[in-house]
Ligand code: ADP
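The chain below stands alone and is given as structure tokens, in the form predicted alone.
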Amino acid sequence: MNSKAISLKLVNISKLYEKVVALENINLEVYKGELLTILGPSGSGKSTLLKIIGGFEEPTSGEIYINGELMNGVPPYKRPTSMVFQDLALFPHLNVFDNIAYGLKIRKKSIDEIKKRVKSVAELLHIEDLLDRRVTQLSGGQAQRVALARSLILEPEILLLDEPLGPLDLKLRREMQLELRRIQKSLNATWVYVTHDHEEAMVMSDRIAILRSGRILEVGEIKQVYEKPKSKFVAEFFGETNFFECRIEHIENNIATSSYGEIIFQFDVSSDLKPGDKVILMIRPEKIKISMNPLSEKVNVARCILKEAVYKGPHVDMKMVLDDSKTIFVRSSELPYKEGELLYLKWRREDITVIRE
């Protein structure tokens, strides 16, 4: 059992729009001080779930608890949450200072307190020199920081972010990912972040919740979800990988043997699997090692032809082809090989993930 304090708890949340099911039986806990990312393809229900947490939508059924208090029916301005929308929703007729201070003015805080808190949050986000500027004069990154400051100044228990980096170019997007993570850690704040970009989720998150067609498929830490996914969909969502559909032939001391063509696999299995069971074996491309010479090993090796190699700077993505034309994806830090060359692949037993669907 996790001993961390729970900031947000969703219990059996469902949302229907007439007969369309947007969310179905969502159960999720978010711990204090963590950044949890809700990751999924377009139309999976990510933004709907975020709006339900923030009170902009009401669930058809289920309960929302923040710090143990039931939030159903509580309007957004009375919840200990704040939301950064995808389009940022800044007020174009106000300058940066007044955009940031807006929420505090609505709450009738004193001028001195407003000035003090605006100065503090502006320094945190490195925008203290922009306070007199009109928001129409800001760059994309500056506008993103202003929107974040406007939410942070309210000191929410939970900050909700709905793909806030979507409009930014790739270079600025990557810079802002690191900046947002720095801010979240420095505040020890609880954030729920929505994105469809798996690389963004991996850079920023403590844990990831994978959403598909309104249902949570898996929740876990980055390394666990990436290296040991529980479903083929989750595995594929994190980029190209290798799958081999096999049948378990033999098990001894929790080590199973299967074959795919000429390849003999040996891998660790749980006690609920038995000979004859169908399994999908997954191996990530970066786990596979390449040799130009035949290998002495008989298991967890393959012989193939290099079909295609794409140089991507820090690594090279390669497509290898087996005798039956099946493609194996391999990622390497170097490319001392030529297309059409016969190569030998090997991987460790522990680098094989068993998926049952």
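Throughout, we count residues from 1 along the sequence that is shown. Computed from a predicted model, the values in this text were never measured in an experiment.
Heads up, the form predicted in complex with this ligand isn't pictured, but that's what we're talking about next.
Stretch 41-49 is the answer when you ask which of 301-309, 41-49, 26-34, 324-332 has residues with heavy atoms within 4.5 Å of this ligand in the model of the complex. None of the heavy atoms of L343 is located within 4.5 Å of this ligand in the model of the complex. A residue is said to contact a partner when one of its heavy atoms sits within 4.5 Å of a partner heavy atom; A22 meets this definition for this ligand in the model of the complex.
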